[in-house]
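Before any questions on binding or motion, here is one chain by itself as structure tokens, the form predicted alone.
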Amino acid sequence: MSTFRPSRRGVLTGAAVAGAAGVGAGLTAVAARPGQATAASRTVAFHGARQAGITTPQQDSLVFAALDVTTSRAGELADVLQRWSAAAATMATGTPVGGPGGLGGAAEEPPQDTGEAHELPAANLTVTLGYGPSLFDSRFGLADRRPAALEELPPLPGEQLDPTKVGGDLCLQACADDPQVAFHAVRNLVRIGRGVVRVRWMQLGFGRTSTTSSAQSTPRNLMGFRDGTANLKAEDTSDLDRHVWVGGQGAPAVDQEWMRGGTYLVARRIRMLIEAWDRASLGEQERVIGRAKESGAPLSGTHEFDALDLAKTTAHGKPAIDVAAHVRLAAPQSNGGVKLLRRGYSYTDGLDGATGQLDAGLFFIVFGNDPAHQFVPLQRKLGSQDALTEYLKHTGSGIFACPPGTASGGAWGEGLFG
């Protein structure tokens, strides 16, 4: 089935025509087709009170990069953050870096834009920036600006971290409904930062494994189960204030004003031992997860969104939801009411050369305003008690402070370096 995809070139040309004709309707009217999304509906504004890509309805593709800063000059880093902001804002509109002429220029110089996303729609591109704990060492004079909550994650049960997939001074999370658009965004930002930053590790993700809006359906992960049924949503504003946003109502006190309105991102590369999982019976899989595989309903209920009844027992007097089931141990009612905003993706990196088994799983991203009292104790419990742990291996990790959004014309780094 053919699907209309408004091209960047077509949209821009159309907008110019509309403007010349004095219609004044702009991009939306020019690009609209009956029954089709408009160019405007496929864009997410870069500027705003919050960074895009956190509560934004989750897109289908991810490119995540952790970077090290190679300069010791704060001014050079601040300059890159400013240039990144301008480029990210431009790309979010479906326009090449450098503007409509970004693929052109002098024949003896590289174009400002690498070009692989030219004639592709913006695809709801968002780019989210985070600062790692190591950025606040002695290099840039930022030590006294590090939020207390931005601490390196402690060792956690069951993890087997690959040292080449841990940490980073900065992170960039690019999400889009087209993988090439997401890749293009990170590639161009890394290119802009060359000589000041370098990629430490990177992860590509396909297929969202959670929902961040009540308008979205619950996707399935590589284990075949619906994932993220109980996730926080953009519409849960009170819970987001309390559990996600720094300085939100009911949230912990703010110790660094530049982080007010921001949040903390924890990333975990979780390899699924798929071959072992695929050999498990349906009954065992459902016991481990605590939900029915086909419907997603908790084993204490009938429908996907039925509330967990952790006290319910079977006719044999056993808990309907096993005491080691993932949903029981991860539920807010089992963890002092703690809630988190998940934004994970499935990934596959081919085969493990040592075992010949699939290297695939979940790139888990979660946002919260107090990782030491949210993610860390929850993962300690899951790592030591969760029946699902038998089928998982945590191989990558990082924590980053995501500052609030920027006003129109503003740039990343203004609050931190200002």
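So that there is no doubt, residue numbering starts at 1 and follows the sequence shown. Note that the structure is predicted; figures quoted are calculated from it, not measured.
Quick note: we don't show the form predicted in complex with another copy of the chain, though the next part is all about it.
**Q** Can you pick the stretch from 255-263, 111-119, 314-322, 150-158 whose heavy atoms fall within 4.5 Å of another copy of the chain in the predicted complex?
**A** This holds for exactly one stretch, 111-119.
**Q** If the cut-off is 4.5 angstroms on heavy atoms, which of these, Leu282, Ala143, Ala307, Ala215, is the one near another copy of the chain in the predicted complex?
**A** Residue within 4.5 Å of the partner: Leu282.
**Q** Using heavy atoms only and a 4.5 Å cut-off, determine which of Glu235, Asp162, Asp137, Asp278 is in contact with another copy of the chain in the predicted complex.
**A** Going through each option in turn, the one that passes is Asp278.
**Q** I have Gly207, Arg220 and Glu294 flagged as a candidate spot, so tell me whether each of them has a non-hydrogen atom within 4.5 Å of another copy of the chain in the predicted complex.
**A** Every residue of the candidate spot has a heavy atom within 4.5 Å of another copy of the chain in the predicted complex.
**Q** Looking in the predicted complex, any heavy atom of Pro179 within 4.5 Å of another copy of the chain?
**A** Judged by the heavy-atom cut-off of 4.5 Å, Pro179 is in contact with another copy of the chain in the predicted complex.
**Q** Taking the shortest heavy atom distance, is Thr126 within 4.5 Å of another copy of the chain in the predicted complex?
**A** Result no; Thr126 lies far from another copy of the chain in the predicted complex.
**Q** So in the predicted complex, does Val44 come within 4.5 Å of another copy of the chain, heavy atom to heavy atom?
**A** Looking in the predicted complex, residue contacts with another copy of the chain do not include Val44, since no heavy atom lies within 4.5 Å.
**Q** Would Arg187 count as a contact of another copy of the chain in the predicted complex, using a 4.5 angstroms cut-off between non-hydrogen atoms?
**A** Arg187: contacts another copy of the chain in the predicted complex.
**Q** At a 4.5 angstroms cut-off on non-hydrogen atoms, which residues of 325-353 are near another copy of the chain in the predicted complex? List them in order.
**A** Sequence-ordered list: Ser346, Thr348, Gly350, Leu351.
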